[in-house]
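Form predicted alone, single chain, as structure tokens, below.
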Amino acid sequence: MMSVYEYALDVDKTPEEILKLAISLGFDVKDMDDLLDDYMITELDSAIASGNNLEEVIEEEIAELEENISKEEQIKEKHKVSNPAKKKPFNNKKDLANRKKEMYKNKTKLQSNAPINNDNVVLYREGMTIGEFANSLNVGAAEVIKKLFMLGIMANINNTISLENAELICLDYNKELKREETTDVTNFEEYEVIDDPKDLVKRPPVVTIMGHVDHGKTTLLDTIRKTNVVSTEAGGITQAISAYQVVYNNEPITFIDTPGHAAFTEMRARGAQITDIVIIIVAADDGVMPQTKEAVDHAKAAGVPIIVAINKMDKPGANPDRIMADLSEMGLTPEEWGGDTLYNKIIAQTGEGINELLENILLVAEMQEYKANPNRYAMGTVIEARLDKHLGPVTTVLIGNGTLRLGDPIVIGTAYGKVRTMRNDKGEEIMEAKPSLPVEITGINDVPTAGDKFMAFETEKEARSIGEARKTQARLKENASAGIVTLDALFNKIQEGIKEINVIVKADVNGSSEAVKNALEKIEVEGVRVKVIRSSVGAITESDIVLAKASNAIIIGFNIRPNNTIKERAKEAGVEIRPYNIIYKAVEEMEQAMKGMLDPVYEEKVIGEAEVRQLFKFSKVGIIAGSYVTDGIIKSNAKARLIRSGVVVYDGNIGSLQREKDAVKEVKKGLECGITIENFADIKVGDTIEAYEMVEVKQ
């Protein structure tokens, strides 16, 4: 006599496999400690020897058992089921086979019997866990797990239960299982209402400007708005999607400014999905470039009208005919050549041709008849999202339909809340936002993802319920996809000899973090690839350091600067933090590092930090930051960054350095001083001024 454990060890099989096989052979073996007699062992040996695949052997034995059940046994089983008082739980596969036959025979009959006692009905929903099913059945989870074990299924309380297995267990308790008919609260389309044509009114067109880097997208929008956006952008490149509304001839037009660099392909694609009209801007002296072609592809994929703006017509070498010929090959044939695409020749800096471009936009909008229903709860799309130290999550949304009002309960992606404040693109507080208006809102409990859909609801309770449900479903999907590894995939990885560089991306806004992630993962170097294990918004935290240490990852901060505590923790953990403010620099350095060709010419050396404690305003000088040097030394000729809540607000040079009304060359740690920053005055108490130098490194 030997136990299931001992026999399994003897034949080099798992105890679970032997237990399943014993049950399939009809033996009354309930657990691993049961003893096997000589007859059982002989039968088990024979079954194992009859085939190479133990699972197939077990299935064959079960099938044979089901076929050999006598009519007399079926009748007895049927009578036994009809009398709940005499009913016994199934203990082996032979009993299970009977139950399956009975279940499918009586399923229709059970469903047709009315009325049914609600106490005898168990509701089943997709993805139901064993614990939830046990509660519905009003039994302990251990009992359900035991019954699944007798079915040959190893499970725990948090595993999901299939509909078939749930039906079998309900049958054992003489209860009926019904699939629960519920609304998918995670899908906004379930709440979508078809608008009555009488309620639809004209709405402003949403226009996206696309094109290659430095072809004048932001300058064009800058001229239209008569403001200066370009000067605030690092490297002259738009780093996040922005949305603005302008009025021309008493007609409002909403513009979305998308980045033109190749690294922002995903952001550009998102812009095309929420837009009505796309303007493809091309520099007359540069021609059609790779990102221009990508922009055209995204606009075509969105199925929206396209207007081409040929910019920089005043530049030497401007050749609009060549551009029209190149774009014609891509299906954008000019109207003057017999096509249906509108072309405008402009000079964005001076404003020449801008009025004609705006007229064409309004013409296309009139032909397309864009309409919406303002008399309903709002829905739309997230343009951008960020985390503010004082306000919390701040989200820029574009209203697609309906009207968003102050105080409306709202669900955005997996986040939810109540609209606490609402500002338009000019920074003005407003009470409501009509269709096609971009607004910045606060009051959400988390930072959503750029591109997420949002919807307003009648009550805060409903918004909370739907938001939590969407978050739970997202977590379940993430858990389901995490850790799924097949032997084939593992073998391929080993054969290919792929090495992975783990990276954690932290950025100031969500769109940038997504763009950096996508750009890094697209780097192609033979034998090596980048894997972004975390991409999020906000300052670098100790949690990021812990994850980086555990996974041997590099942390890339985009417009993010770590504080002294984080720097020390990173140094202790041996984690490298690499800060950037222009994405293609991060991509270039990562690619060179992967090729083993990274030869930096200059290295940044932080020489000191000062905390702003008081502000002094002088008419001739401007804002002087009364500061306390907390680390290192501050030099008058050093470069400086202004850091607010871990995010780089400005990067420039120190304008002047004073100590007790005297101009000085340097101030050491522990002393107070007055600091001005060249061409920047938006300094606040609590900001950190980081002084650094660029030190040449020998190759």
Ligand code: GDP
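Not measured: the values here are computed from a predicted model. Don't overthink the numbering: it's just position in the shown sequence, from 1.
Missing here is the form predicted together with the named molecule; even so, the following discussion is about that form.
> Is there a heavy atom of residue 296 lying 4.5 Å or less from a heavy atom of the named molecule in the model of the complex?
Residue-level check for residue 296: no, no contact with the named molecule.
> Do residue 314 and the named molecule come within 4.5 Å of each other in the model of the complex, heavy atoms counted?
Residue 314: contacts the named molecule in the model of the complex.
> Just to confirm, residue 535 within 4.5 Å of the named molecule in the model of the complex by heavy atoms?
Looking in the model of the complex, residue contacts with the named molecule do not include residue 535, since no heavy atom lies within 4.5 Å.
> Can you check whether residue 513 is within 4.5 Å of the named molecule in the model of the complex, heavy atom basis?
Judged by the heavy-atom cut-off of 4.5 Å, residue 513 is well away from the named molecule in the model of the complex.
> Could you tell me which of 410 to 418, 211 to 219, 389 to 397, 163 to 171 sits within 4.5 Å of the named molecule in the model of the complex, going by non-hydrogen atoms?
Contact criterion met by 211 to 219 only.
> Pick from 318, 372, 347, 304: which has a non-hydrogen atom within 4.5 Å of the named molecule in the model of the complex?
Filtering the options by heavy-atom distance leaves 347.
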